[in-house]
Ligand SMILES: Cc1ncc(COP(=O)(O)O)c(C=O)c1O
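The data below hold one chain only, encoded as structure tokens and taken in the form predicted on its own.
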Amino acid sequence: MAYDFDTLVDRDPAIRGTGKYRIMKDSKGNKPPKGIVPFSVADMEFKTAPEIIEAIKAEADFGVFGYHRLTDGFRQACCDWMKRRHDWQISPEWIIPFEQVVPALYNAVYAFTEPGDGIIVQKPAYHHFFHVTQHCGRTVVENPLKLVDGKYYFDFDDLREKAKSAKMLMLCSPYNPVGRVWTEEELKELGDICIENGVLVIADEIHHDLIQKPFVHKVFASLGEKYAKNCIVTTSLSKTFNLAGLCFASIIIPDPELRNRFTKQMNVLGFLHINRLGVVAAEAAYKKGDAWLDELIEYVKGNYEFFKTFMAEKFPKVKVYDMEGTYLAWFDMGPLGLGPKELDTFLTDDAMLYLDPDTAFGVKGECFQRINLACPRKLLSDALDRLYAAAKAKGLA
């Protein structure tokens, strides 16, 4: 590989303020010893692409950090990326700069729904879908995914009923936490149900660059004109290139009326400015990041295969689900025989393994876990060795 994904980066939270390290605690509230890495929050243990780092350094050397607006160069770079990586032809004026995807979800909810309106959330769901809906005074309408023969699917029969009492649907594509990459046929059927019932689709596609072969991601708005006119696509390179701390997202809205309503609501809520370095980093990534991303995807695939093989050998009853997209693997530890609280305590206190349990995604404690595989393989290997040693000590392996 031309790029380095094996070097360990010391993200000491006392110095760097790294978020997921600061919240990492066991069941008694104790922090783990130095060197333990959380596998929870979806950011990477990798440095970003060197081409992006150089662009940020050049901007820092410029030394003037005044208010910033998107340049024509950025807009064109984003358009080129969408065409090159996703076969989606967009226009520069469709791009609305925003500080992050989650605040953009709040803006969309306020712009297109009223208090009490139903918003469809398909659990296990990204937790902010619940938070956004509830914090804005709207009603969560649950449309759980179906698990059939070890694979997750939309429950279209249930969706047809739930869509009658909703105004919006939060679509995660590809799907966090279960790793599905939706097919064109699945997305169209979902889109048709929403159109027939006047339900606006908010397509959170923040992981859409992180797709494993042979799967192909289809941007929701690229399905056809009628789908493009009934959706808002939220994107960011925060997951793709590990840029979350630079707080910048591109919200892409093909329909001019929806775009106008969204931007008017931005003014109401005071979303007026963007992070200058976030834009610089994103433009460099769009222009120069393809090779780094291609290698990252291959490295993460290797981590997934390592993880799946380890679990099959050491914990053969544990089910690891296919990771078609994202860098997050979903697996069921129920066969170990521990209850949800016992499992969480075992993982943090005995194995010093900090994951995201299913309860974080709206599931009532069925012992599913999500693990972040965007890390040097040695970190993953060490963590899994701790898990196995702890399980043997408890008679679980």
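The model shown is predicted, which means the values in this text are computed figures rather than measured ones. Residue numbers run from 1 along the displayed sequence.
Below: the form predicted in complex with the ligand, not depicted.
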| query | finding |
| --- | --- |
| Listed residue that, although the ligand is not shown, lies within 4.5 Å of it in the predicted complex (heavy atoms), from 79, 140, 210, 102 | 102 |
| Option touching the ligand, based on a heavy atom within 4.5 Å in the predicted complex, out of 133, 107, 238, 122 | 238 |
| Partner-proximal stretch of 169-177, 218-226, 302-310, 82-90 relative to the ligand in the predicted complex, 4.5 angstroms, heavy atom | 169-177 |
| All of 5, 293 and 374 with a heavy atom within 4.5 Å of the ligand in the predicted complex | no |
| 4.5 Å heavy atom contact, residue 42 to the ligand in the predicted complex | yes |
| Interface membership of residue 286, the ligand in the predicted complex, 4.5 Å heavy atom rule | no |
| Non-hydrogen atom contact residue 126 with the ligand in the predicted complex at 4.5 angstroms | yes |
| 4.5 Å heavy atom contact, residue 206 and the ligand in the predicted complex | yes |
